[in-house]
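Given as structure tokens, the chain that follows is alone and in the form predicted on its own.
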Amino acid sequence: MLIFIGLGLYDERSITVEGRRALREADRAYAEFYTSKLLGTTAEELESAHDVSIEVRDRAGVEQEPDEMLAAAEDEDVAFLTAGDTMISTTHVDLRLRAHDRGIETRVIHGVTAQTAASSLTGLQNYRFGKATTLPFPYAHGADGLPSSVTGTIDANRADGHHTVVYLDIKAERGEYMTADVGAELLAEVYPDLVGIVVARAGSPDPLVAAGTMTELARRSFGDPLHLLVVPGDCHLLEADALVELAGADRSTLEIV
């Protein structure tokens, strides 16, 4: 069996009780930290906390060379670990389908993911979010200005009154994690007066939530990663109250319906 286990958002304690049990009972454990990373711990600390040995795989080792994991899962219980909720990345859906093609049983044990944490920490209602987007480092997409995938998503969501989660680029192999001030600076080129909400270190003991225009946020520092940005759409009165109280938003800048 191949068991996909989400580790949650921050450290070795963020895993669910069910995930911890399945991990400890597995015959082998693999992990990837290129789609996201637990900034509050290391692979070695995960091994020590859960009394297991974990082989960390890079992107090629998961997407192009999964045969070792799949072969092991034909006869053993194999745990595959990721930060957040394990099925958010299409990479992992592909791996699950490959397992099914080989007749391997699979199981998914969910973890807390950044999207639900963003809703919880900001007070914005989860069902009022539209499509999410990822803001890449400029060198990663090779074009001038913001990619149309970002502007198109934000514009379409705003037209429908929906909130937008803007994930900030991660290049784990280079040790680069885009911070919210950098993301806001990039967005301010097109949306200088657009209100954004920074969510920093969700799942940690000291998460931070802060509101401002993109121009204002670009001038601030929000501490250690991981960060993301939320662009609020039309806000219910309760959502507006939450953004004012929890994020320090200026009520006059919010679209309240």
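Don't overthink the numbering: it's just position in the shown sequence, from 1. The shown structure was predicted, so the numbers you read here are calculated from the model rather than taken from an experiment.
Unshown form predicted in complex with another copy of the chain; subsequent notes refer to it.
By the criterion of a heavy atom within 4.5 Å, residue 108 is counted among the residues contacting another copy of the chain in the model of the complex. Another copy of the chain is not shown here, and in the model of the complex it never comes within 4.5 Å of any heavy atom of residue 164. In the model of the complex, residue 101 approaches another copy of the chain with a heavy atom inside 4.5 Å. Mapping the unseen interface onto this chain, residue 249 falls outside it, with no heavy atom inside 4.5 Å of another copy of the chain in the model of the complex.
Within 4.5 Å of another copy of the chain in the model of the complex, a heavy atom is found for all three of 21, 96 and 242. This chain lacks the partner; the member of 168, 117, 78, 150 within 4.5 angstroms of another copy of the chain in the model of the complex by a non-hydrogen atom is 117. Distance criterion of 4.5 Å from any heavy atom to another copy of the chain in the model of the complex singles out 88 from the list 178, 186, 154, 88. Contact with another copy of the chain in the model of the complex, defined as any heavy atom within 4.5 Å, is confined among 169-177, 140-148, 117-125, 69-77 to 117-125. For the stretch 4-21, the set of residues having any non-hydrogen atom within 4.5 angstroms of another copy of the chain in the model of the complex comprises 13, 14, 15, 16, 17, 18, 20, 21, in sequence order.
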